[in-house]
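Next up: a single chain in structure tokens, the form predicted alone.
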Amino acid sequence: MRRPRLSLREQPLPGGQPLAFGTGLLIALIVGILLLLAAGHEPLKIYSRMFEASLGDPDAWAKTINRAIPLGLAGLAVAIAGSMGLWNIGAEGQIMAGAIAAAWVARIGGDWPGIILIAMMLIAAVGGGGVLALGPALARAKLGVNEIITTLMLNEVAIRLVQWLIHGPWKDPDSYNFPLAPMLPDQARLPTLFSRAHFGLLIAAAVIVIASVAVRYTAWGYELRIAGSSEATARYSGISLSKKILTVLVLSGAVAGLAGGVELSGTADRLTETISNGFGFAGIIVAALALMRPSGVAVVALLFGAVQIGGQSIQTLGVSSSVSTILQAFVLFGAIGAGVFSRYRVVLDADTRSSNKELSDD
């Protein structure tokens, strides 16, 4: 009897990650068709509606872009940490921390000129996300504490802090006793580029480009990759692992915090408990599909933004918006599977136990 196993190919199949990503998307669409048919819906009608709502006209593109901005920044935050082999699972909380810091600046600077107020809000958002990541960074760099656990736990802390603020000291006195934070000043809103797409697109694009260049073409990025691939090599090369860990995790949190500031001033009109909207967790998928490369998060974020906006639109047809979540999951699973088989092939080996038994019988 032959037993299957994976064997490393001499050369990976052509196409690489783009082919794996396309395969994952195809698998997700096929699974979605099966699910929709099982639920008694017409897949072609549902997919057409999703496309029209997310990419069908300039207004649809604007919605998709606004959704892709925080997804891209959250994915970039995870990818920056992942470039060194670290996992920042706290982007969700760091987005909230950034939004809290930006909202605080909006409260004290309500009379400032718009360009100054927005700039200070975004700077504060970067600081808020970085501060929340500082604790896990110090614990990992100085004590060796697993950053997955600490960053994940701080998500709950950030959520509770937002709840306390909007139920307590920041509660709007004109909210008729509802737990709502005050509305942002008008000048705190990011200007629009077209339709409802806001200036955050240019901010996110600039940050992604800068991070991509820094990771790929600078000495800092080279040291980052060395430290992530081999701690022994990094130490032999004179690279301080503790400094790199500290820098990378705080920078990762700062980028996630920026996502919170951009989301607050670009799409939201006040601080809410749902300001992060799952962007931090979705950013993990975005970064994974981009192979932890900052240069790849923009395309993945745009696709996921389209899937999420399209998923919301099909609720009017009696279809649960969770279909979009399922599609995102199967894009990931399909891409990972395709990526594995692009580098490995299945071979069948003889079962040595059966062969030995046959020899002993002879």
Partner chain sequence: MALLAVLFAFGMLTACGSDDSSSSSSSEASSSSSEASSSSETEEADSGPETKAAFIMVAPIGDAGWNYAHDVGRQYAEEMTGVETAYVDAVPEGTADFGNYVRDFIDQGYNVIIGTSFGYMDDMLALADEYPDVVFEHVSGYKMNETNFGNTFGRMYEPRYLSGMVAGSATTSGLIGYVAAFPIPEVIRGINAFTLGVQAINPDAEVEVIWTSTWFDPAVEGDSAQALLDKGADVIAMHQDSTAAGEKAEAAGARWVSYNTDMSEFAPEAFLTAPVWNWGPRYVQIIEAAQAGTYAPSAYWGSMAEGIVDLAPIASDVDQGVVDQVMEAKAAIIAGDLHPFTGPINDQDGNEVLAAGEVMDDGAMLGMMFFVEGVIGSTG
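Residue numbers count along the first chain shown, from 1. Just so it is clear, the model here is predicted, and its values are computed rather than measured.
What comes next is about the form predicted together with the partner chain, which is not displayed.
Participant: Of the residues T247, Q187, S175, T150, which one places a heavy atom within 4.5 Å of the partner chain in the predicted bound form?
Facilitator: Of the listed residues, the single hit is S175.
Participant: Please run the contact check for G114 against the partner chain in the predicted bound form: heavy atoms, 4.5 angstroms, yes or no?
Facilitator: No, G114 sits far enough from the partner chain in the predicted bound form that none of its heavy atoms falls within 4.5 Å.
Participant: May I ask you to state whether T192 is within 4.5 Å of the partner chain in the predicted bound form, using heavy atom distances?
Facilitator: Because no heavy atom of T192 falls inside 4.5 Å of the partner chain in the predicted bound form, the answer is no.
Participant: With the partner left out of view, is L317 within 4.5 angstroms of the partner chain in the predicted bound form by any non-hydrogen atom?
Facilitator: L317 belongs to the contact set for the partner chain.
Participant: Hey, in the predicted bound form, is Q163 touching the partner chain, heavy atoms inside 4.5 Å?
Facilitator: Answer yes; at least one heavy atom of Q163 falls within 4.5 Å of the partner chain in the predicted bound form.
Participant: Tell me whether R140, G144 and F333, taken together, all sit within 4.5 Å of the partner chain in the predicted bound form, counting heavy atoms only.
Facilitator: No, because R140, G144 and F333 lack any heavy atom that approaches the partner chain to within 4.5 Å in the predicted bound form.
Participant: Just give me the residues of 42-58, first to last, that have a heavy atom within 4.5 Å of the partner chain in the predicted bound form.
Facilitator: Read in sequence order, the residues that approach the partner chain (within 4.5 Å, in the predicted bound form) are E42, L44, K45, Y47, S48, R49, F51, A53, L55.
Participant: Taking the shown form as reference, are the C-alpha positions of L327 and V286 brought closer or pushed farther apart in the predicted bound form, with a change of 3 Å or more?
Facilitator: Between the C-alphas of V286 and L327, the gap widens in the predicted bound form (3 Å or more compared with this form).
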